[in-house]
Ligand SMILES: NC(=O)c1ccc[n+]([C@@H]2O[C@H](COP(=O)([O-])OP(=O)(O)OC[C@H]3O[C@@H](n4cnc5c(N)ncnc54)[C@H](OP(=O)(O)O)[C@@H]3O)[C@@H](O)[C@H]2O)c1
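Read the single chain below, which is given as structure tokens and is the form predicted on its own.
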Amino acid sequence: MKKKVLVTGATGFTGGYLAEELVKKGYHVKALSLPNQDKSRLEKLGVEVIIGDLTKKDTLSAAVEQVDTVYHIAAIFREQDVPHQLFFDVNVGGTKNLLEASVDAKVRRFVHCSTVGVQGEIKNPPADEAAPYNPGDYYQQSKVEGEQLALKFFKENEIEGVVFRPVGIYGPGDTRFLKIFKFVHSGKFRMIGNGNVLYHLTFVKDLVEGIILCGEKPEAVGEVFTLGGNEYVTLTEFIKLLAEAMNVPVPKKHVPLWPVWVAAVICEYACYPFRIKPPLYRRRLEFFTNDRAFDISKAKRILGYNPKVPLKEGLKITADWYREQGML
């Protein structure tokens, strides 16, 4: 009998790669999906698709039935234009519903996907798992509450629990990083500030290997792991690698930070009273001002996690995929 596993978020980017890899490893994979999501890729893989909704606990029992391990990847992300409350309904309330349904079904292990965003702006990079929570917006706050809920639940119930925090996920199939690829490709990119902040990414296939280790390794139980790529670079170095991956000139122009920051404040105050999304806002500038560098040594030591795709190679693979899809 194949072990049954459940993947939530399998119609999305990371969850889709995870479901595919689990099928290749011989698992019977179930996937939780909302009715209107595209399930064609999963069906071609032979994944058993269960229709359900994380915010409605009574729809989850069929998904967790006879399941050995749950990989909870689904979440509402900050890029999605939805009411703020939905972040908490799904990322906290939905996690609670799935945890309770999993215990009821006697699921052995629950692997919860958090985010390094729970640590917000990193004060002393690279940050390890012990760095304090420091959420900077409602999305990150909802992920903090979801992670804390899961960790508390693991301690109080008979279920093996693991939390992992992915670092900046990219690769073929992703569209969240497409905007920065396009700006560099078109020659329109301008560095705001000095470009010395640190940037850290994770190729999706490397991440998926780490996630599966969280589900398989006995040593993982009760732990929190940061899963990222092997290297982090300055933002200036990242943009250079990105330009080289697309074979375009490396952007050289810089814009001072403070005038742009003041303009962002003015835009916010002018637009928010009228419920208009400002063309420029302070959170957008975090890309240029906040360090994103993380220590993955714990995952390497305990899980045997070993990212294989260097940043330069991963950016080239991703850029080539964007071109094949006509996106660049």
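One rule holds for the numbers: they count along the sequence shown, beginning at 1. Everything numeric in this text was worked out from a predicted model, so none of it was measured.
Omitted from view is the form predicted in complex with this ligand, to which the following refers.
Asker: Since the chain is shown here on its own, which stretch among 265-273, 50-58, 63-71, 292-300 would lie within 4.5 Å of this ligand in the model of the complex, judged by heavy atoms?
Answerer: Stretch 50-58 is the one.
Asker: Is residue 318 part of the interface with this ligand in the model of the complex - any heavy atom within 4.5 Å?
Answerer: Flag for residue 318 set to no.
Asker: Is residue 12 part of the interface with this ligand in the model of the complex - any heavy atom within 4.5 Å?
Answerer: Heavy-atom contact with this ligand at 4.5 Å: present for residue 12.
Asker: So in the model of the complex, is this ligand close enough to residue 139 to count as touching (4.5 Å, heavy atoms)?
Answerer: Yes, residue 139 lies within 4.5 Å of this ligand in the model of the complex.
Asker: Would residue 29 count as a contact of this ligand in the model of the complex, using a 4.5 angstroms cut-off between non-hydrogen atoms?
Answerer: No, residue 29 is distant from the partner.
Asker: Taking this ligand in the model of the complex as the reference, which of 102, 114, 226, 119 has a non-hydrogen atom within 4.5 Å?
Answerer: Contact check passes for 114.
Asker: Tell me, which of 78, 240, 106, 84 has a heavy atom within 4.5 angstroms of this ligand in the model of the complex?
Answerer: It is 78 that has a heavy atom within 4.5 Å of the partner.
Asker: So, a 4.5 angstroms cut-off on heavy atom distances: do all three of 194, 248 and 314 pass it with respect to this ligand in the model of the complex?
Answerer: Judged in the model of the complex, none of 194, 248 and 314 sits within 4.5 Å of this ligand.
Asker: May I ask you to list the residues of 26-49 that have any heavy atom within 4.5 angstroms of this ligand in the model of the complex, in sequence order?
Answerer: 32, 34, 37, in sequence order.
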